[in-house]
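Okay, so we've got the same protein chain twice, two forms, each given alone as structure tokens, structure 1 and structure 2.
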Structure 1
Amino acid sequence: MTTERERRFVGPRRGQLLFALGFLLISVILLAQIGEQTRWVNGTQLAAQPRFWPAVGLIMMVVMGGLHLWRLPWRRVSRDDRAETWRWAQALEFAGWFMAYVLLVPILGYLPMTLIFVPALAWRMGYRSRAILAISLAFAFAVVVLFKSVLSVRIPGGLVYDYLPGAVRSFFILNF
């Protein structure tokens, strides 16, 4: 039966205990490193010590994170917690897609890579209709034109552009 404390808890139950434990563990490890990772300068005021503000942040993390864990209404890891961890791991796949895109843009160029990335990810998400794939291509093209050509956002040209003939090469490096 759900207790009153569980009922009043803000947010879902799943994953809370694992998150609180993980957060506290990392905070404690970081706080334990404070002697090695920061300096204490003799003859300097406390407020001007390089160690002062990291200590403030980490002490807040340890104390309040610890109290949060202590106040959690659940003490055991349940099946829901394990399912939630699996859900967190699912996000890693898309982080992987993002990093692949990031690493390939400097090689293949912003326009070609975006024209590949958007429809490919849309395909991966289960969109198979021609309309959606056409919209994906149009969106990819519009993004590149808007940011690189119109707003002149700093994204270097791809290595493959070097193989293009003179004037086309400059045009591509500048706009796409």
Structure 2
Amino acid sequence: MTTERERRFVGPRRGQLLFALGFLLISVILLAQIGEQTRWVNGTQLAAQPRFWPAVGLIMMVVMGGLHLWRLPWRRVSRDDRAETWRWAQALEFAGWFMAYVLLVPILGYLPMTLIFVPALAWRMGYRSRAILAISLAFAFAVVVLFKSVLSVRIPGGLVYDYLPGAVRSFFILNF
């Protein structure tokens, strides 16, 4: 049974309670860490303190998050909330893909890992044709050449490169 206050709520209902709880929890955790993450410098004016503005921002986040939670017209997690939470959690899969990529680049090397990662991600996104997978391979190779050779971005060579013969090893470390 919905109340008059619930019916008058403007906007989507799904995920509101979980968002408010999560936002408030993260804000409180960040505010609890402010003493370790910032400093208080003696003899400096209040507004110039390194801790002052982050503390103001975090206190406002806690207060506004608490007000948002307090003003929500409902306090129960519904089926729509669970569906919305599952949708949010699905985005974490791609964070996992990128974390695996970042962790494996120092082992396999930038070129081999990128040549594996980009087509695998294209496959995961549902692109299964040979043409798209070939384009993703060409894109991965172009990205590596652009970053390592053209832009000279320093990305450490992979441990696998140590097994290559001397001149080839140097070429791969320098360019790929």
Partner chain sequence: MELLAESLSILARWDVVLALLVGSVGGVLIGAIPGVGPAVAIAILLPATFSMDPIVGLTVLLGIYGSSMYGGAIPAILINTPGTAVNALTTYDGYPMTARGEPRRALSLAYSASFFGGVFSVICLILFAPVLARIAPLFGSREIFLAALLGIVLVVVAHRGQTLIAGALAGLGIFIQTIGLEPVKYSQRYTFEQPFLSGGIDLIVVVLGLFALSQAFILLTSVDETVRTTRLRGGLFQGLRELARHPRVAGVSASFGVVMGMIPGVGEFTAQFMSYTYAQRSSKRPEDFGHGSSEGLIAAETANNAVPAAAMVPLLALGIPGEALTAMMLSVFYVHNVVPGPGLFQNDMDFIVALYLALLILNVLVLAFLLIATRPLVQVVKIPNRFLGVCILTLSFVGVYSLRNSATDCLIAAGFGIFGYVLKRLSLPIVPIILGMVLGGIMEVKLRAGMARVREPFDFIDRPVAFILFCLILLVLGLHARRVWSEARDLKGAEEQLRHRPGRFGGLMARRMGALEKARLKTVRARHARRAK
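Keep in mind that what you see is a predicted model, and the values were worked out from it rather than measured. In this text, rigid core is short for the largest set of C-alphas that superpose within 1.5 Å between two forms. Residue 1 is the first residue of structure 1, and the numbers go on in sequence order from there.
**Q.** Between structure 1 and structure 2, the form predicted in complex with the partner chain
**A.** Structure 1, which is the form predicted in complex with the partner chain, differs in this respect from structure 2.
**Q.** Which entry of Thr85, Trp123, Gln33, Val62 falls at the hinge, with the rigid parts compared between structure 1 and structure 2
**A.** Checking the domain motion between structure 1 and structure 2, the hinge sits at Thr85.
Q: Could you tell me the angle, in degrees, through which the smaller rigid part rotates relative to the larger one between structure 1 and structure 2?
A: Angle of the smaller part against the larger: 23 degrees.
(Q) What does the CA of Arg75 shift by between structure 1 and structure 2 after fitting on the core? Give it in Å to one decimal. (A) Its alpha carbon moves by 4.8 Å.
**Q.** Rigid-core-superposed Cα shift at Gly66 between structure 1 and structure 2, Å
**A.** Once the two forms are fitted on their core, the shift reads 2.4 Å.
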